[in-house]
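Below sits a lone chain in structure tokens, taken as the form predicted alone.
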């Protein structure tokens, strides 16, 4: 079969690229991240098309850069042009001030504004317009995440008969939360326009089905092991849970290279051989970082043996720095760290090392490899791939994973991690002590099981399972996914 006959169309808010200008002119390269890692191999194999917002300077010669990208990477890009007003009202507004907190169970942070909702509809229509212009008959169209929930409905209004799939990377709320959204019915109707809906966890899948049955009592649900089939009368929608993952070998092999090994050794020498706890998070109120600091403070109070013997390294990657809520969060973190360090600081030891910046890949892998404890305690998270990255990079199998029970990753990793309720400061402090005092044998046993789980359910298996659920199945796409998964396993 000719590659052009099997095109695969992916739609996401941002295009999978980074554009920079240096002394040699404009440069374009793939962005990092789980979605790009997962989809780029199959996109290149089938000459796919990825549609999204540029997210960068419109002064760059994108036609030329896109052509160069396609020649190098084997798949094509198409841009959705957004104005500053679009970004402000659709992205920063409805997507991130309404859907994001609502879907993360943080109702108090939600803003319900008709203007941003109308603009969300408008921008979703812009995406649908570009997709309709670019799509071929019979092509599978896979739309990603909460910013674009209505694209499928708007494509149907344009008469497209293609198979449409949607994957939500963040949690889906219970009906008790969703009912607060003034436009809940329109949002659910938009999602029901897809043929396949994918969620991270079984709980998210159940929440969605429960919301549909509350709002549309006539819909019948046939619950099966892998999917729930919703009978809308004139058509059927498949709803499944497909936990996203990482390329295990990319982190496993990357952590074993000499450069990372040396950086990990230097890190421990710098901290004088103390046990290191690690937090790596984007600046966001869903990550529970203030509660994490308070839990570490309580552990120092309750277990004095930790003093001078344990250090928390917290990496916070700047995000949405112009948004007042995020500016306030940054100030809160600065104040808590300053207070705790002033309270417990001793000569030669600072309890919390707080890094407000991103780490390059070598340093990130070195931190994963050298830190004995990962403290990953979001208030709510769709998956949290940092937990899986930490396990994959723990090549010496000495690490302990402390994981929030409200992270999607807990469904897969909870048996061998130490699960905590991030709102329970006392319980999280106890888990810190349990991890610190855990025997070497138990550490190895737990981490060996965690690494086996991440290796087995890698990112290629995620793509394979999702495409296997698309009906009728795209056989050539599924075959390519199976080959990618086998290559990843090897």
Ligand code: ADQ
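Positions refer to the first chain, counted from 1. Keep in mind that what you see is a predicted model, and the values were worked out from it rather than measured.
Just so you know, the form predicted in complex with adenosine-5'-diphosphate-glucose (ADQ) exists too; it's not on screen, but the next bit is about it.
For adenosine-5'-diphosphate-glucose (ADQ) in the model of the complex, the listed stretch (73-81, 273-281, 344-352, 254-262) containing residues with heavy atoms inside 4.5 Å is 273-281.
In the model of the complex, adenosine-5'-diphosphate-glucose (ADQ) stays beyond 4.5 Å of every heavy atom belonging to residue 369. Although the partner is absent from this view, residue 357 contacts adenosine-5'-diphosphate-glucose (ADQ) in the model of the complex, with a non-hydrogen atom inside 4.5 angstroms. Contact check for residue 382: a non-hydrogen atom falls within 4.5 Å of adenosine-5'-diphosphate-glucose (ADQ) in the model of the complex. adenosine-5'-diphosphate-glucose (ADQ) in the model of the complex is not approached by residue 195, whose heavy atoms all lie more than 4.5 angstroms from it. The three marked residues, 244, 287 and 317, each reach adenosine-5'-diphosphate-glucose (ADQ) in the model of the complex, with a heavy atom inside 4.5 Å. Between the options 100, 166, 293, 172, the residue in contact with adenosine-5'-diphosphate-glucose (ADQ) in the model of the complex by a heavy atom within 4.5 angstroms is 100.
Among 329, 340, 418, 364, the residue placing a heavy atom within 4.5 Å of adenosine-5'-diphosphate-glucose (ADQ) in the model of the complex is 364.
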